[in-house]
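Two forms of the same protein chain are encoded below as structure tokens; each is given separately, as structure 1 and structure 2.
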Structure 1
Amino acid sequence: MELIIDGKTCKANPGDSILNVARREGIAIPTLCYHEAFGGQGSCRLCTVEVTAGGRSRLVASCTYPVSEGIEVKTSTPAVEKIRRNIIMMLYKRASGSVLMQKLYREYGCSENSLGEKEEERCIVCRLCVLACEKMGTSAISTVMRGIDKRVGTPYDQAATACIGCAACAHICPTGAIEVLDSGNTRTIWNKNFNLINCERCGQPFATREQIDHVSRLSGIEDAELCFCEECRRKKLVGKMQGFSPC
């Protein structure tokens, strides 16, 4: 099927989102909660665009809007720009400690106002970390609470049994909100301490015991074969998880 994005006729398949098509065509739409690995969540709304279908125009989230024949999309109208600016402004006010938000706040030309800033906060609740952890097969973290108090955490904020210390969550986090403390052979993440295993070849600490066991269990590959750091391994063992896992 065909649709028009910013005046350009684009080919699309049923089931595509507007964002998918735009990315394929090299048309930029900003996003915060989107990642290729998980698809659209529709939560940050930064990807808002204007769609005209059947003579009616409306503002939609391009990462979740399924394309249909003949729709016309505008990715940057004054209304869209204003929404994006306000979203960035509000997220910056929430997470003023995040370097990414500070940068976007400047880029989007947000104007000063009377709302307070939270220097100590970095998380923008995009949920990418939760999705990454889910994809690891661990689901150690999730969003907790609701409404304006919604945040990410482990069950009861205790060290989670399910957490394997892989730090996939921290790697995917766009704002650096998740603390991973590696010192010598210990790693601390989400209030839990892990021993780091040294690479059999180069001797550098590179992964947690729990992480190697977990990967071994899922992939059926023996522990012994997993005890090399990425550099040394050179073989792609767990292709599916490579994007997230440093092992």
Structure 2
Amino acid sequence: MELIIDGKTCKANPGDSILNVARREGIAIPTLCYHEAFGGQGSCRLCTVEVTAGGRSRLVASCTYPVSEGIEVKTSTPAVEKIRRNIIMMLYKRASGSVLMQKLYREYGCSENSLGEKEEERCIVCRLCVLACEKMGTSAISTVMRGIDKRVGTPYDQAATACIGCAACAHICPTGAIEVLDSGNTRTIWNKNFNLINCERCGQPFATREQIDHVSRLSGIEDAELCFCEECRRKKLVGKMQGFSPC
């Protein structure tokens, strides 16, 4: 099927979202809570665009809105920019300690208002970290509380038994809200300390024992094959490829 985005005719597949198509076509739409691994959540709605279909126009979250034949999409209109500016302002007020939110607040030219700022907070509660933890099969963190007090945490803010210290939550966080402290062979995250194991090739600490055991258990791969850091795994693979001689 075909649709038009910012005047450009684009091809789309059934099930595509507007954001999927726009990214394939190199058309920029800002996002915060979107990640390719999880698809659209429609949570932050920064990806709002204007869609016209059947003579009617409306504003939708492009990460969740499925394309249909002949729709016309505008990624930047006065109404769209106003909504994005308001979203950025609200998220900045919630997470004023985030460098990313400070940057976006300035770039979008948000107006000053009397809403209070949380200068120590960096989390916008986009839930990407929760999804990453679920994807790892651990679900050690979740959203807790409600309304303006809603946040991400471990059960009762205690060191979660289920946490394996992989730090996938911190790596995926767009605002740098989750602290991971690696000191020597110790990693501290979510009020829990882990011993880091060293890469068998370069000797650098890179993962927790709990993480290696968890991945080995889920994947069936032997521990010995997992005891290399990402860079050394890449070099090892390149070495194998160089030694590969196709028939």
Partner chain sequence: MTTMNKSLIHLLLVCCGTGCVANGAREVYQALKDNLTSDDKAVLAATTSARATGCHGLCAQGPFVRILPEDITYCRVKAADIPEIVEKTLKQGEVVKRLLFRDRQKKTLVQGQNDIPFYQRQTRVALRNVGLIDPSSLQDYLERGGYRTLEKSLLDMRPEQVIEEIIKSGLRGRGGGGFPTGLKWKACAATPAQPRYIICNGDEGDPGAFMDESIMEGDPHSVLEGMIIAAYAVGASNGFIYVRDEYAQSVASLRKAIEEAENHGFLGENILGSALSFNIEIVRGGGAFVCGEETALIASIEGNVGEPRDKYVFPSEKGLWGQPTIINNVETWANIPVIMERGASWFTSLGTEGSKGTKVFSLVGKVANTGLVEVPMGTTLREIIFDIGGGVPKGRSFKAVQTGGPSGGCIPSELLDLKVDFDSLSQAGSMMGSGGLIVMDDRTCMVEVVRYYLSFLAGESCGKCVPCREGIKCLLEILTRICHGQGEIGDIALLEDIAETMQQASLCALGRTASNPVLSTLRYFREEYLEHIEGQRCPAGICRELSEFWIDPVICTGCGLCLPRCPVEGIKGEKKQAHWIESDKCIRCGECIDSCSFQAIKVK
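Since the structure is predicted, the reported quantities are computational estimates derived from the model, not experimental observations. All residue numbers here refer to structure 1's sequence, counted from 1. C-alpha atoms forming the largest set that superposes within 1.5 Å between two forms make up the rigid core.
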Look at both copies of the chain and name the one that is the form predicted on its own.
2
Superposed on rigid core, Gly147 CA travels between the two structures a distance in Å of 2.5
